[in-house]
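Take a look at this single chain, the form predicted alone, given in structure tokens.
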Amino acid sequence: MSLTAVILSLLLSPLLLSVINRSKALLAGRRGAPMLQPYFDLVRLLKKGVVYSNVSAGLVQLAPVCNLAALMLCTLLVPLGPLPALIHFQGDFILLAYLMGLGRFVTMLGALDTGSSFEGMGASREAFFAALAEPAFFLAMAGLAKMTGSQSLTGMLQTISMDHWQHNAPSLLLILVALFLVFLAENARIPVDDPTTHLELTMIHEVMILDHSGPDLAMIEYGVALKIWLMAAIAASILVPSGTNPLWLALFLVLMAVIGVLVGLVESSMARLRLIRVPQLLIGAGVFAGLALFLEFVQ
């Protein structure tokens, strides 16, 4: 069962990205690309050649590999609804956060290694916003740990039951809002960043990968889909009971699709924030998560 969670994450993560893109297209009155388009794009990129900057010291070549390796390790730690994680232990959510941080760090190093001032600017923004997003994530995890009495990600997410929703609904809702805001920031989605923009002065994640091409870009794009899947899985698992009932796994996958549609709705209904407003959004996420933790202590 645990291995099934890893396999599903690796296979279905690009499909969630397709749900987001298809939702945006339908909301805009367009038909949109086929659901399997992300898979086609990955295959196309794998067949292309690679071009590197002549001032690179080699980090730009290592960054996509290290980032993808870190995110694939994350799939071992994240449960999928009723499916437990392949590896779980007390405090494993800390390892999860810093594996994602490692992927972010090597991506920033790769951006700086190209010698591009624009990519360096994107790396600087990425580091600053990540420093605001991580406390919100940890406060949300602390709230779940206090509520469930477990410090393992699998233990926390698979302990939540209808009884928790009856007695701790305000805390859980605040945690879900905080995690969703962190999700948007960590994955460079609107209103924090626009994954489809080509204006370097306003880009964050996309500007860091301008010099990547071919298989390197394929690894980065697959890593993006994988990170979206993993962070959405944490939120969806809060809503799904634990156990072996196949219907709960089906419910989990439906909730993952709902999160994809919700992201598409957010991106279709609002513009990106000014960069000076993004820290306020992330501080707000931290406030929501901190309030949830406070409510758990006073109950």
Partner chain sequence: MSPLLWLIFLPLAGGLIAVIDGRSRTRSALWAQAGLFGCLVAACRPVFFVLSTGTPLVLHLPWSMAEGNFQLMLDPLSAFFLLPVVILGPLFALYGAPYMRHYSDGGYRHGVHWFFYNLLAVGMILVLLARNGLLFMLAWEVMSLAPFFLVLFHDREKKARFAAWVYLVAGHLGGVLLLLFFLLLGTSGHSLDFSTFQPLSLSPAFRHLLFGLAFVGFGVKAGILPVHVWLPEAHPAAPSHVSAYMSGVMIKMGIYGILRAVLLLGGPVYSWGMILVVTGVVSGILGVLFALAQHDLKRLLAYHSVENIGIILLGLGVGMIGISQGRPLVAVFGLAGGLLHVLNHSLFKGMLFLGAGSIQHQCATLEIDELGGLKRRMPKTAFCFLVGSAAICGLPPLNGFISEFLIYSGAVHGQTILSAATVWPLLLTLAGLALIGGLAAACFVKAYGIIFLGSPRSSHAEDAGETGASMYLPMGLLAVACIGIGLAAPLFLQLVRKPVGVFLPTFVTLLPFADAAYQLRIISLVGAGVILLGLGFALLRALLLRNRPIRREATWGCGYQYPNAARMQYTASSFARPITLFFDAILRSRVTGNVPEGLVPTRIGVETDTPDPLTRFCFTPLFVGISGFLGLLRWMQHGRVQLYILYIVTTLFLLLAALAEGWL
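Since the structure is predicted, the reported quantities are computational estimates derived from the model, not experimental observations. Numbering follows the first chain given and starts at 1.
Although it is not shown, the form predicted together with the partner chain is what the next lines describe.
A.B. asks: I'd like to check something about I283: if you look in the predicted bound form, is any of its heavy atoms closer than or equal to 4.5 Å to a heavy atom of the partner chain?
C.D. replies: Contact with the partner chain, yes.
A.B. asks: Give a yes/no on whether G49 approaches the partner chain to within 4.5 Å in the predicted bound form, heavy atoms considered.
C.D. replies: Looking in the predicted bound form, residue contacts with the partner chain include G49, since a heavy atom lies within 4.5 Å.
A.B. asks: Is F138 close to the partner chain in the predicted bound form, meaning a heavy atom pair under 4.5 Å apart or at it?
C.D. replies: Because a heavy atom of F138 falls inside 4.5 Å of the partner chain in the predicted bound form, the answer is yes.
A.B. asks: Is F93 a contact residue for the partner chain in the predicted bound form, using a 4.5 Å heavy atom cut-off?
C.D. replies: Result yes; F93 sits at the interface with the partner chain in the predicted bound form.
A.B. asks: Between the options A33, V55, A250, A28, which residue brings a heavy atom to within 4.5 Å of the partner chain in the predicted bound form?
C.D. replies: Selected option: V55.
A.B. asks: Which residue, I160, L99, I220, I190, is the contact with the partner chain in the predicted bound form, using a 4.5 Å heavy atom cutoff?
C.D. replies: Partner contact (heavy atom, 4.5 Å) among the options: L99.
A.B. asks: Hey, of 254 to 262, 228 to 236, 66 to 74, 33 to 41, which bit sits against the partner chain in the predicted bound form at 4.5 Å between non-hydrogen atoms?
C.D. replies: Contact criterion met by 66 to 74 only.
A.B. asks: Mind listing which residues of 144 to 180 have a heavy atom within 4.5 Å of the partner chain in the predicted bound form?
C.D. replies: Read in sequence order, the residues that approach the partner chain (within 4.5 Å, in the predicted bound form) are A145, K146, Q151.
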